[in-house]
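Just the one chain here, laid out as structure tokens, in the form predicted alone.
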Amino acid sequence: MCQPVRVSAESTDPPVCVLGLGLIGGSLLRAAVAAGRTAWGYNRSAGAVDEAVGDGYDAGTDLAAALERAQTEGAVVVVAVPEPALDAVLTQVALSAPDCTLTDVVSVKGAVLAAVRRHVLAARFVGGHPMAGTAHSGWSAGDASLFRDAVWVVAAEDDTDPEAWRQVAHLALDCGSVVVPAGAREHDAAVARISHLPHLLAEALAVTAAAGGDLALGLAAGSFRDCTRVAGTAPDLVRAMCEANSEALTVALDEALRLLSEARDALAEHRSTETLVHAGHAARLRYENLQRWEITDITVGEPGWAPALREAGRNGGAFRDRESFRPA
């Protein structure tokens, strides 16, 4: 097994406590250690902990102990459990590490923010979502390079603590990501279109192909494989993220169904797919040609910083390194 590699012997950044050692949490623990951070992890399943320890990482199954250490050492606590397990974990965070900067890597931000507020943990909370992953799960699927050059959304709400925001943004940058600021609601509307809807479309395509029997499946090649890759994700994980974002996903699903229905009618009546094919091609080119610009003119913590960051993120702005942060 590959052992953790530190890029420096010491770090002045806060330690990192990762709660949940699946694909994302496990990759984050690896990436934080590789960046020179002191980091440890918790997982409910002993199997994942045994694997992590076997690979040379600091991990355990005692949630309270992991969080008490986080409180003592002033760590950034990262919640990396599925949304259904969120309340139980936050209950323990409130008991054992109420003063720590708290973030998460859950794919739906509105539901997490609401849960954090219910547990009276919002003062030091900064929502996060690295836009990276694979169809695989578990500790063994993790990779320290998973977040390299990936977008990592760091939420900036009007009541977000600026120092907590900086700590979370620095962690994302240390993991190799590009930080894009956004609000929870607009994040959820966006990921409904580019993450959650693709999961449902992939499932539908896989079911449609399977209905054609073994001949259809036997002929399937690159386009089918690419379009259905995420259908290989564990169903419970897909359900958790899609159902937690049901309102925004319903809107996106309605739009996709309208496009497909119109394409179906055009094909049946005019034997034409022109409208959808050309619109889809243009939209794909827009995605491929999207250019992000560096945010350099906003000081985190100055009056109006959070709305300014959200506007910048909305218009293609991002942080790529710490040098972009103006001193407070």
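Start at 1 and count along the sequence shown; that's the residue number. Being a predicted model, the structure only gives us computed values, none of them experimental. If you superpose the two forms and keep the largest set of C-alpha atoms that fall within 1.5 Å, you have the rigid core.
FYI, the form predicted together with another copy of the chain isn't displayed, but the following is about it.
In the model of the complex, no residue of the candidate spot (56, 124 and 144) has a heavy atom lying within 4.5 Å of another copy of the chain.
Residue heavy atoms within 4.5 Å of another copy of the chain in the model of the complex occur in exactly one stretch of 164-172, 151-159, 93-101, 71-79, and that stretch is 151-159.
The shortest heavy atom separation between residue 280 and another copy of the chain in the model of the complex is within 4.5 Å. Although the partner is absent here, residue 302 lies well away from another copy of the chain in the model of the complex, with no heavy atom inside 4.5 Å.
Taking the partner from elsewhere, residue 46 is found to have every heavy atom lying beyond 4.5 Å of another copy of the chain in the model of the complex. Residue 61 falls outside the set of residues with a heavy atom inside 4.5 Å of another copy of the chain in the model of the complex. Shown without its partner, the chain has 203, 204, 205, 206, 207, 208, 209, 210, 211, 212, 213, 214, 215, 216, 217, 218 in segment 202-218 as residues with a non-hydrogen atom within 4.5 angstroms of another copy of the chain in the model of the complex. The two forms, fitted on the rigid core, differ between the shown form and the other one by 2 Å or more at the CA of residue 273. After superposing the rigid core, the Cα of residue 149 is displaced by less than 2 Å between the shown form and the other one.
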